[in-house]
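Next up is one chain by itself, shown in structure tokens, the form predicted alone.
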């Protein structure tokens, strides 16, 4: 029996499995998802104070649609033999979807790096929440003022004093100028101290040392300074982009028998942009890559990857949120109005569970059809 293997249990991996099951229909095709944990982690929600809420049991998504789950970690991909090694055993495939996600770029030579906290994984978010849960008026330092760092800093500001540092000359450098004024106003409102052109050079017991030599109080130092694709991409291609992602074509094919999705795929969004390492793109990438992996084996037409308009919604804690549209990140809403958008998105990213028809229907709906996204006629304009 032909076999589709999917590596990864995040947004891209789970939706690849659903996409493959949708293409399979009643055909004789085996689908296996390989991931070490029993839960899909809703990574964009790990900045929230209760990280345990940010997970979905994989069995409730995979079981109803007839996808096997091998609980193991993949160490090797042998594209010549069409075999992956997972948990010490070889698993053969006819088509492979690499959806192994990304990892936080951690400082290798920072003194005291073992004391750092992060919200990159569920375990990391749990550790931070447990560490600060019973502390009154804690002092936290957040390193990195991008998407993750800003959400962490503004959420942490509800329970303590927060210092946000970044090597860039402006806050939210990667977000561009569009939302910057709203972000600065939110940080001021929440009392988050901002140090730009700065980083942490040492982490100690209850303190951090900043570049320039200043020593500051720190009950927790949270590292949020960038992501890089899974190292497994190196076993697929030697031609990776600056984020370590595999180049793919319009069908998300990286090699004749290998597709890539989510944070491992350097897929074209349009003529000028590649997709972001975010669930907004990981979800449709997974749906298309999984569908195409199965369709390729079954002789069905492949789907083109055609993403919806680019938007962002950044949670700013007690100061609300900021919602932008387009690659210039034009602000469409801020404050309480944007916070409602963020709450809706955080609920919407949960996959349906238990009902095969709902899961497969969602797999066929690549475009996120929400009220605050442009409608079809706007996309065509």
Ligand SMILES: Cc1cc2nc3c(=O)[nH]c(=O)nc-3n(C[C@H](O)[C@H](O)[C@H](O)COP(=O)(O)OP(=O)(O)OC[C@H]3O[C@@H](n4cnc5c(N)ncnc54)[C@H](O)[C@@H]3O)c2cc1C
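Positions refer to the first chain, counted from 1. For clarity, every value in this text was computed on a predicted model and none was experimentally measured.
Beyond what is shown, the protein has a form predicted together with the named molecule; the following relates to that form.
Although the partner is absent here, residue 296 lies well away from the named molecule in the predicted bound form, with no heavy atom inside 4.5 Å. When the named molecule is considered in the predicted bound form, residue 131 lies well away from it, no heavy atom lying within 4.5 Å. The closest heavy atom approach of residue 147 to the named molecule in the predicted bound form falls within 4.5 Å. Proximity of residue 119 to the named molecule in the predicted bound form falls within the 4.5 Å heavy atom cutoff. Across the options 195-203, 158-166, 212-220, 255-263, residues that bring heavy atoms within 4.5 Å of the named molecule in the predicted bound form belong to 255-263. Of the listed positions (44, 351, 51, 320), a single one reaches within 4.5 angstroms of the named molecule by any non-hydrogen atom in the predicted bound form, namely 44. Residue-level contacts in the predicted bound form: of 236, 183, 74, 225, one residue has a heavy atom within 4.5 Å of the named molecule, and it is 74. Residue 342 is the only one in 327-358 with at least one heavy atom within 4.5 Å of the named molecule in the predicted bound form.
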